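First comes one chain, alone, set out as structure tokens in the form predicted on its own.
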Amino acid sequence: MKVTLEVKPRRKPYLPIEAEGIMPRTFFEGADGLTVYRGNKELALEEIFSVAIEGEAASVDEVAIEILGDSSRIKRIGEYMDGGRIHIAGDIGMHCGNFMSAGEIVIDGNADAWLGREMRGGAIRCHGNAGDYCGAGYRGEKRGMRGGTVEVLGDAGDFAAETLAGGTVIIHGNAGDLAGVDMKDGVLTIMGETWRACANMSGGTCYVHGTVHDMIPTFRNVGRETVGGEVFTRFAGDIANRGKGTLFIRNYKYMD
């Protein structure tokens, strides 16, 4: 089953759309009566999107959703997604892939904040940049992403992989401040540079192939180690949190 959703032009394009019902299972089970919210107003799906559905599916994994048009202000796409595929041809709004447990989301453009928030499984691949809190938990949550993979081919904002408790986050560009803060498990890889990486870390593994600026002083330098043909400095910590995390860094600078 192929579902094509094309965003219609809107008179107020900056007003966000809440669309948590847009996921493969909804269309597999029948999307008649599906609504979205524009601000505090509930609207039929067809008032925001042109909808085309082709073919049938024997399982949720056989459902593919294509989102076209300006989707940069559309939030919560793929929330609780448990199979199938979503392809977003442009940018996407906040909370894409919240609590996702299976399936695949591919974003051709940029993603706003909280991409893959508290994700349990599946895969998200963002070809552009991701906003703050990529692969993190919501404010006040002690555990963020717990499984699956989030891959960002561009840069990520601040607090990437905050409270990471499982799964894999890969950032091919730079990450902002406090990537991996309060990290508990899982693997975080940053190919570029970042700032104050993994503060208060208690578990898991982080690789930084670029420079960590303002290096946290409460990590213990274990020595040099070669991983995958690259030489890193290995740190253990954060010892301020009695941490058992492992931090591999190519270059680092302590705060002046």
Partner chain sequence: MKHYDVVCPFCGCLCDDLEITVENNRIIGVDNGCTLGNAKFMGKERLSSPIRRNGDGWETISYEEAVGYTVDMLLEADRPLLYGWSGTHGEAQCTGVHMCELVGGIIDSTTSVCHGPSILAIQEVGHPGCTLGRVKNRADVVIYWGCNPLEAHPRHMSRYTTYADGYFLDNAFRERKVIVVDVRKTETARVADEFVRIKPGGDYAVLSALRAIVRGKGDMVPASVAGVSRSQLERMVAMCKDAKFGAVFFGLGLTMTKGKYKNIRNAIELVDELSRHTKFTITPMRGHWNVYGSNEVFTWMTGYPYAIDFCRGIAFYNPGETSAIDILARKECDACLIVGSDPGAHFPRGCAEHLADIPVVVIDPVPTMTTAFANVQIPVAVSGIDAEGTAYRMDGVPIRVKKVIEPTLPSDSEVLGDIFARMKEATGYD
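Given the structure is predicted, the values throughout are model-derived calculations rather than measurements. Residue numbers count along the first chain shown, from 1.
Keep in mind that the form predicted together with the partner chain is not shown, yet the notes after this line are about it.
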**Region of this chain that lies against the partner chain in the predicted bound form, out of 94-102, 166-174, 146-154, 122-130 [heavy atom, 4.5 Å]** = 94-102
**Message:** in the predicted bound form, does V60 come within 4.5 Å of the partner chain, counting heavy atoms only?
**Reply:** no
**Asked** Can Y138 be called a contact residue for the partner chain in the predicted bound form at 4.5 Å between heavy atoms?
**Response** yes
**Item:** the partner chain contact at R224 in the predicted bound form, heavy atom, 4.5 Å
**Value:** no
**Prompt:** Is T218 a contact residue for the partner chain in the predicted bound form, using a 4.5 Å heavy atom cut-off?
**Reply:** yes
**Asked** Each of L34, I65 and D82 near the partner chain in the predicted bound form, meaning some heavy atom within 4.5 Å?
**Response** no
**Prompt:** If we check the partner chain in the predicted bound form, which of the residues in 1-16 reach within 4.5 angstroms of it by a non-hydrogen atom?
**Reply:** K12, Y14, L15, P16
